[in-house]
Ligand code: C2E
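Consider the single chain below, provided in structure tokens and representing the form predicted alone.
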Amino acid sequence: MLEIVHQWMDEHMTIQSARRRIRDFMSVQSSNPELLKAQYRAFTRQMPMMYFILLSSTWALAITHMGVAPLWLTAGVPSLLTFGCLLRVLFWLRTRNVDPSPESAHAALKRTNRLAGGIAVAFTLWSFGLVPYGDAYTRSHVAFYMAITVISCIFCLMYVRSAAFIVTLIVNGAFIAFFVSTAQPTFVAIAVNVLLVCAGMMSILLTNYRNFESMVVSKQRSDALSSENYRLANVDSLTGLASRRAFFAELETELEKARASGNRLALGVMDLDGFKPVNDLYGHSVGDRLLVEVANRLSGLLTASTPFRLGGDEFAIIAPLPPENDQLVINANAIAAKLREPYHMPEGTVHVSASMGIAVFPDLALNREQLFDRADYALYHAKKRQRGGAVLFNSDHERQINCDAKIESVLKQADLENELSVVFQPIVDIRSQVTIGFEALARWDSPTLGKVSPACFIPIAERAGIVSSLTKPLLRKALGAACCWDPAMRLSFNLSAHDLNSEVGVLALIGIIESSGFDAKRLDLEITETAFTHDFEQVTQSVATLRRLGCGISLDDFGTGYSSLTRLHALPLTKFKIDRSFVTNLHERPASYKIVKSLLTLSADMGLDCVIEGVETEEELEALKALGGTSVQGYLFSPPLPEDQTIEFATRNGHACNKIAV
């Protein structure tokens, strides 16, 4: 008994499932909004054609029956049907260019489903009403009308599968049943033929509908993938800010708006000061979280402006309709002040600042490239002279850019071997008042520009990426001069980060050193902390190679950058140099006094020699002696000397006490 019950339940569930499938098949599904909209758009393009075919066939049939059938049947009913169909044609013509919502598309398709049944019943009953009238030809026309019209409707309704099936079942079901019931062989044969043709047509319709549905679903997936790719390309995955790619696109768009409306547009380019030491000390995960915090703080500060992350620790702000320049700089400094506030991390409290360069369209910048370049140039000045603050690009900067461009152009065409020269500044041991070495300093005497300061042309060569072409002739000249010195004296020579960025560049330096005849053990190669901002791994390898050659490695301008002790420890340094900014008026500035004292203690603890730069007064010298400083250089002892005066200076008695005027 229990088995019979289970069997009955299974059969009942199978019947229920079959009914549900049939119900779903014969109704308009709303599970896929995009499919509904695609059905609607395809359907609206074909409905006017369906009504045209239906009405033209109807009037053709009505005309063949005029005179043999009642007028109300040949003219009255077709007129009513025509009026109803024309109303629907006007509706579809009016809405075919409308982009519907999924809800309105679903409602329209459901309404079509219901109307399809009503229209099919109306036209079928009318055509059957004509069968009793006329001869065999007119009755054959009725059969032809019903068969060919339903086939055309199937094609026109193919994107609304349920409506096509409803029309087919009503019209063909009635057609086949009626004509088979006549028992007339010709009509029976026509009915069977129409049944087979419609079955094939419905099979084709199902296949085309599945292909249509698959195409819509594939397009959805493709659109979703494109949308995701667009998001990935235009949104920074770490901070959630718009990315560098989005920045340049948005900048171009906002510039077009500003040009069209005659408004101003401001661009701020911002770089974090002290971010790399955070990465070195705490690790990249903390650095990433810091960038997220900076981005969140920046987003919270801006209302009418849009922030972007350009990459690394560099951000940008596009500000449409900015205030006047003075207020603009005040606002930018206020942003920098907020970003300078401490960041509290689980690993500890982190401090960074933000320098910003600002450029304004159309003031001194007329296109996207100029605007970005000028903001970047202002950022360079901010980091150099106003670290942690904002600098607005102005006419002085533009003159400097033009001057720099001219210098760069001349420098690239210069005969470097003949135009470059080297001068030497003594390094003195203040305990014994003996010259222990010289630092080689570059000079450029251009036939076009005259004498150009190294403080000018060296940074330009750095930015242009051509500084290595200057290093080689300068190193050859410095080594050639140093070969004549006493064997106890050392040569200090400055290297650029670009000189250490590749194995090829380091091998070229080694070749110059070895071919010079100068003992590499007497050579101190100086690098600045800016080298750490390049490929640190490659810089480390390059420094290690030069150290194996016997060269000493000095860290120049120590204390002015943001290098961490971790990175200092990773480099095989032999000495570092304290920058003159800490030495000026040392005896009157307690903070500088403490810094120099700490640096001298650090050098002793790390087992490194220490050279103090920029000593210009006796008071500074006495303060350094009290702190235990030993090796110094500066204008108190001598300005940079030409090659032919170095030996004379080194051998002169009492030279360390003679103050030479600048």
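All residue numbers refer to positions in the sequence shown, first residue = 1. Every value quoted in this text rests on a predicted model; they were computed, and no experiment measured them.
There is another form of the same protein, the form predicted together with the named molecule; it is not shown, and what comes next is about it.
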Among Asp236, Phe248 and Gln370, does every residue place a heavy atom within 4.5 Å of the named molecule in the predicted complex? no
Can Ala455 be called a contact residue for the named molecule in the predicted complex at 4.5 Å between heavy atoms? yes
Using a 4.5 Å heavy atom cut-off, state whether Asp609 contacts the named molecule in the predicted complex. no
Partner contact for Glu622 in the predicted complex: the named molecule, 4.5 angstroms, heavy atom: no
4.5 Å heavy atom contact, Leu495 to the named molecule in the predicted complex: yes
Would you kindly say which of Tyr593, Phe52, Trp59, Tyr635 lies with a heavy atom within 4.5 Å of the named molecule in the predicted complex? Tyr635
With the named molecule left out of view, which of Asn113, Thr168, Gln425, Asn331 would have a heavy atom within 4.5 Å of it in the predicted complex? Gln425
Looking at 627-635, 60-68, 596-604, 32-40, which lies within 4.5 angstroms of the named molecule in the predicted complex, counting heavy atoms? 627-635
Within 604-619, the residues that have a heavy atom no more than 4.5 Å from the named molecule in the predicted complex: Glu613, Gly614, Val615, Glu616
